[in-house]
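Shown here is one chain on its own, the form predicted alone, set out as structure tokens.
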């Protein structure tokens, strides 16, 4: 009996050895992705000298896909179409006198509900959303948050006061972009505060618009501001009007208004392009107080040299919270500031880890950007 058990043990060990050494070639869908990659894995006898991996095209003809280097046992075929079957063939060539192998495998690409390489995005979204909600709730409870002084907006009272003293109107241009542009929306938020102040001082405000949707929104914003100020009777709908969709025709029309009406204060806030210097230069020639702002960095130099005050980049987006001190807007602004701080910290920590030869943070974040 003891001898029989010994034989069984030897046979089992031999079977395991054969199973471990059995060559294989496998293809499988890469998990947690958008269905655009297949993982190929193989194990071959030590006698194999070289190999190549082939892939069948739409006609079923195999074409060389990849020639692995010595020691490589896997390959990822990427940029594929989801829910599609792909066939592969591995050709292994033995050393002199050894047998060659030909193995085939196939797999179907599948989309997944969650992409693991987007995990960093998910975590950052959760953290940022939690920060925004926290700051909004804190602001509603009465907590006062510091917002850096924006001199261009502090000048609003001065500009309106000057226009009132001179008996001249205020010109407000909400950019040259459509209503869907975030800069146009930010511009209209500032227009609401400006129109409210103008209504209090009984000063006319002129708002030429390039697009019909912007015109409708601007009219409603100004009308609401006059109602809020208790001066609905002073609201003049004809002062918010449409000029033309043509970019330089729009600019020419505004220049004509500046020359004829000579407004005491000009506000150019929103998205601007080649017309920025034309507008600002014409306004400068009339001696008006000019405040400009845009997130288009390539136009900022023209506004800086020809305007009294310039809102640079994101100052345009923070303007509404700065002026209104509305709890929801202030909380949202502080939450986004927290997100920027988080990104800065991640960059600094990532650089330090890379210098120290530790790459896990870079790998994690680079996966989110792929």
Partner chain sequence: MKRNIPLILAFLAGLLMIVSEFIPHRPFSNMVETLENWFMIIAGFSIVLGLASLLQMNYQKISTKAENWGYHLACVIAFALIVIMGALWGMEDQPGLLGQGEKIVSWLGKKPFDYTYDNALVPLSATMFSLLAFFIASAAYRAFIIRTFESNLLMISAVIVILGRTGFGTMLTSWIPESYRIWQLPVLADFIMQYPNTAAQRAILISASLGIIGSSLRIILGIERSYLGGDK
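Quick caveat, the model's predicted, so the values are computed rather than measured. Positions refer to the first chain, counted from 1. Each form is matched to the other, and the largest set of C-alpha atoms that superpose within 1.5 Å is called the rigid core.
What follows is about the form predicted together with the partner chain, which we do not show.
With a 4.5 Å cutoff on heavy atoms, residue 326 counts as touching the partner chain in the predicted bound form. Among heavy atoms of residue 79, none comes within 4.5 Å of the partner chain in the predicted bound form. Interface residue remark: residue 300 is counted as part of the site for the partner chain in the predicted bound form, having a heavy atom within 4.5 Å. Not displayed here, the partner chain is approached by residue 241 to within 4.5 Å at the level of heavy atoms in the predicted bound form. The partner is not drawn, yet in the predicted bound form one stretch among 84-92, 122-130, 194-202, 67-75 has residues with heavy atoms inside 4.5 Å of the partner chain: 122-130.
Checked against the partner chain in the predicted bound form, the candidates 264, 251, 105, 150 yield a single residue with a heavy atom inside 4.5 Å, and that residue is 251. With the partner omitted here, the residue from 312, 44, 39, 56 that has a non-hydrogen atom within 4.5 angstroms of the partner chain in the predicted bound form is 312. Applying a 4.5 Å heavy atom cutoff to the partner chain in the predicted bound form picks out 277, 278, 281, 282, 284, 295, 297, 298 from 275-299, in order along the sequence.
A displacement of 2 angstroms or greater separates the C-alpha positions of residue 140 between this form and the one not shown, with the rigid core held in common. In the core-superposed comparison between this form and the one not shown, residue 241 has its Cα shifted by less than 2 Å. Residue displacement note: residue 273 has its CA displaced by under 2 Å between this form and the one not shown (rigid core superposed).
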